[in-house]
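A single chain, nothing else alongside it, follows as structure tokens in the form predicted on its own.
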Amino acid sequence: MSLVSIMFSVFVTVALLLYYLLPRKAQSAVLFGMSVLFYLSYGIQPVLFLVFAVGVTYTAAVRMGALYEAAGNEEDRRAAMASAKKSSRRILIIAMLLNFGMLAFLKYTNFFIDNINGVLSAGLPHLKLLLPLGISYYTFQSVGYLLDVYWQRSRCENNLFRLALFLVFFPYMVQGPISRYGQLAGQLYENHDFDWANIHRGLLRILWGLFKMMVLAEWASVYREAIFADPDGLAGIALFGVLLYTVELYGNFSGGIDIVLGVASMFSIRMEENFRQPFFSVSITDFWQRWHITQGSWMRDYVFYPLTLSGFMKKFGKKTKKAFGKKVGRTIPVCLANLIVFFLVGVWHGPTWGNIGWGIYNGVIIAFSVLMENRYKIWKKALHINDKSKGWHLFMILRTFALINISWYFDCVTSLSKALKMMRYSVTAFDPSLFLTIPAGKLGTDFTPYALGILLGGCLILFCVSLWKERGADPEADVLKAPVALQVLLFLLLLLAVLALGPQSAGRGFIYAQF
């Protein structure tokens, strides 16, 4: 059931009617039942993997919680807690291996088979593996919850139904955001009164998301796919290919998140934002604090910090300080941790060398920036650069945008060789007139100028709204304060744009649903 289908609109409408018309104490049951139905719409097999993840997570968390509770009642509490911690660590490791093991097996087995066949000519057959909907998202949420219980940041949930609802809540099953138990769980179980403001806000967010996805992302994908399908014949617009991928990816992903957050808002549930004007970033680090925010914060809290504070990294840091001095030696472990984190992010994005190269590229840039931070300050001072000026700020935004677009060369191809070929064409050939040879979907080449005009106009609208938000405004709140007639007009314009301005191939799904 696609989030951009008529069926999903009917599904959400029915869920809302049940949610607000039935007694309030039944609201969490409605959410759970509708979430199960939503997942069942994708088949029985995906449900079995979800049940496995819920079972492992619940059992491990309850067992760790019981150990900590028993230790707290002992006379020698310190010794008892140390013993409980040790036992909990074993339980945590087993649960993480089971959760991540299931994800790795389903997602990466054929990748390893292909590489073994390529190196050893082994002739191993592909396995027919099903990648369940949203497996990466509920796996990350499960592991994050287990780590919070292990670190005693969160009490374990003894109610299986409540934990299951947190993991299967249907709006974010397609592409996130990756939620934290402490932030979201309470809202799922609370009783909510019907609020027109939440409905209005949710509808506006959904329509805006549909516009980004079905107009901007879809038109960008028509031309991006054509360019990357024939890089030699369309070498003159290779550079535009990666720029179009930026529009496609951002429109598709952020638009999908807008739909998810809008649906949740109509149930009076406020989820974490996943984007914050990423193309106004002044560094790669800043970009990753604005793009896929929930994944970045998950990696920071559950991988980066534990890694930098681990015994191994502390020993490594002592060695680097002896070898390179305190200043440089202190930053090298941080650089290594960043490289590891972004390698894992690249692996998470998909089982291809292109994705791995993309992750390493980002990790190297961030690690190099950390290593060179003091040197940059010296250079700016020597060159009399005012890093508080508007000109410098604009330069940093453009520089970061260029670096990010270079990384997309790795992300939107299946091999490093194809990425390097597209990079080479981007700087050696330039012929924008080749756009006119690409059909505008089923509408043919005659419609291409109009399609490009729609795409350009949509990007301009997106830029203006993003600039508005970057300056501290809340467009949604401002719209909802406007006269009712103006609100209705805006809703109708967005709806007409979604229905009339997208290509006939629109609605092919969410890019990040594959994760």
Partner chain sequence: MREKILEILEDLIPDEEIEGRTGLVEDRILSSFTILNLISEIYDELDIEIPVEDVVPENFDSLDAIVAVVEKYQQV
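Just so you know, these numbers come straight off a predicted model, no measurement behind them. Numbering follows the first chain given and starts at 1.
Keep in mind that the form predicted in complex with its partner chain is missing from the display, and what follows is about it.
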(Q) Counting any heavy atom within 4.5 Å as contact, can you tell me which stretch out of 138 to 146, 96 to 104, 335 to 343, 228 to 236 lines its partner chain in the model of the complex? (A) 335 to 343
(Q) What I'd like checked is whether 292, 407 and 469 together line its partner chain in the model of the complex, meaning each has a non-hydrogen atom within 4.5 Å of it. (A) no
Q: Just give me the single entry in 442, 86, 377, 319 that has a non-hydrogen atom within 4.5 angstroms of its partner chain in the model of the complex.
A: 377
Q. Pick from 421, 393, 270, 300: which residue has any heavy atom within 4.5 angstroms of its partner chain in the model of the complex?
A. 300
**Q.** 4.5 Å heavy atom contact, residue 153 to its partner chain in the model of the complex
**A.** yes
**Q.** residue 309, heavy atom within 4.5 angstroms of its partner chain in the model of the complex
**A.** yes
**Q.** Partner proximity in the model of the complex: residue 385 to its partner chain, non-hydrogen atom cutoff 4.5 Å
**A.** no
Q.
I'd like to know whether residue 426 contacts its partner chain in the model of the complex, with contact meaning heavy atoms within 4.5 angstroms.
A. no
**Q.** Residues of 297 to 332 having any heavy atom within 4.5 Å of its partner chain in the model of the complex, listed in sequence order
**A.** 300, 304, 305, 306, 308, 309, 314, 318, 321, 326, 327, 330, 331
